[in-house]
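This document starts with one chain, in the form predicted alone, laid out as structure tokens.
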Amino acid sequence: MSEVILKAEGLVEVYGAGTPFEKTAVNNVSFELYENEFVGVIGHTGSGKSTLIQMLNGLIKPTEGTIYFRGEDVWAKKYDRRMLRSNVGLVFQYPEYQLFEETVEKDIAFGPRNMGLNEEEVALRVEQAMHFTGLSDKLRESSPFELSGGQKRRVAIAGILAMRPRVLILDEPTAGLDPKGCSEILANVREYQREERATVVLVSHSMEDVAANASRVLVLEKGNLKMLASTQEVFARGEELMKMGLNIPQITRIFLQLRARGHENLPSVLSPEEAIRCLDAVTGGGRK
């Protein structure tokens, strides 16, 4: 078993406490994240996903509960939360709106420079981050504001990767992108995870993206942790997810319908490729 890198213990976040607008956004949530794993986070709008991930890198202090990074309480006195945010990188939804420098290179270099690294190391990290996000070297001196939507998204993600976070948290990183852009960005993220042995947390409304990339899935509903299990186990509970107002991968839904019609021997599947293998096994390869 890999080492625990991030641990959430009894997290509670209450907005507007003591007012008529009081709302519990996160309610007694506990879990562990391990080194070099890919975790999906799903939940209906308003389920607490964004609040939770901002607590994980110290942007929001929980009303109650504790967050540990490598065994240390991140809200303990004298804890270096600037170091935490370098190690637990958070890419917000539509991160391209956070671009502000004159050139792509300067924007990507901003984080490493703030870490106090020398210029040689900063240049190396910019080069590596551009590689991980599929950015052409010829874009270095371009204004980020002149790029396409997909390129801006890559620059924003590269700015986080340049800090080499041990945990990379992405909030809807493919929102608004075409299918090709979506698959390319997620492939870039997987490459970073493989090469750096980093932990990735993917918040997404795309169940196909979660099913294709995550090994475990965390499900939130109205601030409560409802499920945390392997991707296969979570999506096998498709009917429960749909009752929460969540989608499931289309191919998973089809197999659930087939099981409901009497094909109980069919397992839960997550992808078309897995479905083909399953049908081949059931029919002895006799598909027409």
Partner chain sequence: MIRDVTLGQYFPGSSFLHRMDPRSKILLMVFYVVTLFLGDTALSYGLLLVTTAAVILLTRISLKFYLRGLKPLLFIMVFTGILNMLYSDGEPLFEFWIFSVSWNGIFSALFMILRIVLMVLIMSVLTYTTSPLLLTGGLERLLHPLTYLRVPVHDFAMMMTIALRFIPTLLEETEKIMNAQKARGADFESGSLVRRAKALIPILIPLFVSAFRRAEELAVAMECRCYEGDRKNRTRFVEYRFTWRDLVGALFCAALLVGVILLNRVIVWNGVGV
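Residue numbers count along the first chain shown, from 1. Source: prediction; values computed, not measured.
Missing here is the form predicted together with the partner chain; even so, the following discussion is about that form.
Of the residues given (63, 28, 54, 36), 54 alone sits with a heavy atom within 4.5 Å of the partner chain in the model of the complex. Judged by heavy atoms within 4.5 Å of the partner chain in the model of the complex, the contact stretch among the candidates 129-137, 155-163, 197-205, 181-189 is 155-163. Interface residue remark: residue 229 is not counted as part of the site for the partner chain in the model of the complex, having no heavy atom within 4.5 Å.
Although the partner is absent here, residue 79 sits far enough away that none of its heavy atoms falls within 4.5 Å of the partner chain in the model of the complex. At a distance threshold of 4.5 angstroms between non-hydrogen atoms, residue 59 is in contact with the partner chain in the model of the complex.
Contact check for residue 168: every heavy atom lies farther than 4.5 Å from the partner chain in the model of the complex. Along 91-121, these residues reach a heavy atom to within 4.5 Å of the partner chain in the model of the complex: 92, 97, 98, 99, 100, 107, 110, 111, 114.
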